[in-house]
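To begin, one chain is listed below as structure tokens, in the form predicted alone.
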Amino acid sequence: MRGAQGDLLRLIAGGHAESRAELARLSGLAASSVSLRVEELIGSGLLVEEGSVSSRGGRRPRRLRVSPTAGVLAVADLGGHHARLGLLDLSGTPLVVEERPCEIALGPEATLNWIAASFDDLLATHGPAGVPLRGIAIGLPGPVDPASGRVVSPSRMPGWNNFPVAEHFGAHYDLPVLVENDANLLAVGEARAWPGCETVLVLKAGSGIGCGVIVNGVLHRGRGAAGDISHVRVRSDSSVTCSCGHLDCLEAYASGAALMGVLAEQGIAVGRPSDVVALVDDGIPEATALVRNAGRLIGEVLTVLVNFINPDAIVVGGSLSKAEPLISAIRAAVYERCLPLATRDLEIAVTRSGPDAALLGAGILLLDAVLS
């Protein structure tokens, strides 16, 4: 949906406006133009008008909201060993969310066909009757070219390089398809939980490490690799070869995969990053020391970004974010090494939106794609 109608629907779906008067104020359109387009949106089944909203005087305006029958969005956040899948309505509210085991190393075709089958299953089981599917979004743990929807030189994703993910899904659904880096989706979903913070760094610490960058309230993608801190070289007493082939990348020391590898060498077997967090909670010193060192290294990398763009907040998500020593070590490194003016009002905290933040971000970006 192009033009003013799409813009008005975005304002309603994003929670920025809920009456015709607010739409006129925020869009800059004349009240008569807004009313005409709202009536068209109501007539097409995309908006409903009901109840009333508060008023500073005079007649109380009626409340506008996206119709629950306007459509659903199918979204997925793919990790190395699992996928979080959901159906959202067009306002971004989750209708159902499930986490299922999934091995990304099986390759793109097997993985994407499994995701498509899982979407079909969710739609058959939980999709509202008669409500159309409007679009598909998938977050991947690797660099994504935003122009082509292809993964470019990912780590620990054999067979995925330059695979046409968007085209693969487009052939199955013939709908708008959004393919995005998982940390970017996390950043978009989390940013709404930080009102007043215009510039936010959102770190995803799980099997890998990624960072989404919100600048002036908007996702900054660059050419698709903005915020990719995983292959920044770090200082260390030893030397480790990263999965990318270079020495001493941050991911080779501080990712969940790296921590699990070191623990395995010490005779402590763990299956996923959340198991590392459990060991920390149980006071296992080997795990605590590794996590604390990971936080220190991540913090040292983030100091460069903090001094460069002066964010309002650094938000940490992903399965490792539940380990308090990681967050404490990040804070210590950033506050110690950054300029006082850069950290004076800087908040460093764990995600406020919880495990569904990336799915919420997928819904926000996908709705833009659908309305465009």
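Predicted model, so just to flag it, every value in this text is computed and none were measured. One rule holds for the numbers: they count along the sequence shown, beginning at 1.
FYI, the form predicted together with a further copy of the same chain isn't displayed, but the following is about it.
Quick one: of Glu336, Glu49, Glu324, Glu39, which gets a non-hydrogen atom within 4.5 angstroms of a further copy of the same chain in the predicted complex? Checked against the cut-off, the match is Glu336.
Heavy atom within 4.5 Å of a further copy of the same chain in the predicted complex: which of Leu95, Val152, Ile268, Ala110 fits that? Just give me the one. Looking at Leu95, Val152, Ile268, Ala110 one by one, just Val152 meets the 4.5 Å heavy-atom criterion.
Just one of 66-74, 41-49, 338-346, 26-34 has heavy atoms within 4.5 Å of a further copy of the same chain in the predicted complex; which? Result of the contact check: 338-346.
Answer for Thr125 alone: is it within 4.5 Å of a further copy of the same chain in the predicted complex, judged on heavy atom distances? No, Thr125 is distant from the partner.
Should Val304 be counted as a contact of a further copy of the same chain in the predicted complex, where contact means heavy atoms within 4.5 Å? Output for Val304 is yes: heavy atoms within 4.5 Å of a further copy of the same chain.
State yes or no: in the predicted complex, is some non-hydrogen atom of Leu88 no more than 4.5 angstroms from a non-hydrogen atom of a further copy of the same chain? No, Leu88 is distant from the partner.
Residue contact check: Thr199 to a further copy of the same chain in the predicted complex, 4.5 Å heavy atom: Close contact exists here: in the predicted complex, Thr199 approaches a further copy of the same chain to within 4.5 Å, heavy atoms only.
Under the 4.5 Å heavy atom criterion, name the residues of 237-268 that approach a further copy of the same chain in the predicted complex, in sequence order. Read in sequence order, the residues that approach a further copy of the same chain (within 4.5 Å, in the predicted complex) are His246, Leu247, Asp248, Cys249.
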